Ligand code: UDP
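This document opens with one chain alone, in structure tokens, the form predicted alone.
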């Protein structure tokens, strides 16, 4: 067994749990920290009992103590969907600021490499298309979504400060819309909401006129990009996502088709500061990491549909 150790904050979440799987498959021991605010034990219970996996229920905004040596710290703790961070605004700001500070402190103390899970939301409602890493963004700091956007922008800033001031090895991944098994049906984002509504024969709710766009990346592709970034020498932020863009309205039609649902599409008012366009420029990831997504949306949606069917059956 490898003597490498990784600490994953938010490791019981959707992305964090898949990341734990990947690290263990790479023969790295994983210490998973999560306070289960939005994470779920079901996401990691298949890892319980493994010699190279440990779960600690912990709020990383208070303190992080790990007695063993640590080689990597991957900070994924945070509510990550609008329904969560609008319901938990203070916790979202705290985990992006205090939690990032504590995680960086652990990495500094252990002389470990640090990777921050940032987000495409740092670009806000972008004025350029597609979004490149050198774009500074168009964010409303006092709008309701600002609690997440600004928490992540601060997290990037303090990560770079630790890199420059303490010479800490740091990596920053800007994650674009990702989907796959272990997403919560009540996540609030378009994909799980549409699937949940279609599978239960309800009307599918599209906000605005449905012409706003998103780019959906399957979770295995995203985790592969994150792992490659962790093992790279790149310090500045890197976009990881699927550049294939689709309107929300067309996506709703796709979901109706794949689920053979009789659902109708209904339209409601667009939430405040909801981004109109979202598409990553992944030329940097292609060049530096030799990474690009491999799973087609058709293939990924089928896998995700099977998972959601199971979840609805269990409800």
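The structure presented is a predicted model; accordingly, all values stated were derived computationally and were not measured. Residue numbers count along the first chain shown, from 1.
Just so you know, the form predicted in complex with the named molecule exists too; it's not on screen, but the next bit is about it.
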Proximity to the named molecule in the model of the complex (heavy atom, within 4.5 Å), stretch among 236-244, 202-210, 135-143, 96-104: 202-210
With the named molecule left out of view, choose which of 126, 89, 82, 181 has a non-hydrogen atom within 4.5 angstroms of it in the model of the complex. 82
Could you spot which one of 56, 50, 270, 41 gets a heavy atom to within 4.5 Å of the named molecule in the model of the complex? 270
Site check 121, 193 and 278: each within 4.5 Å of the named molecule in the model of the complex by heavy atom: yes
Using 4.5 Å between non-hydrogen atoms, is residue 189 touching the named molecule in the model of the complex? yes
Touches the named molecule in the model of the complex: residue 274 (any heavy atom, 4.5 Å): yes
Look up in the model of the complex whether residue 248 has a non-hydrogen atom within 4.5 angstroms of the named molecule, and give yes or no. yes
Do residue 163 and the named molecule come within 4.5 Å of each other in the model of the complex, heavy atoms counted? no
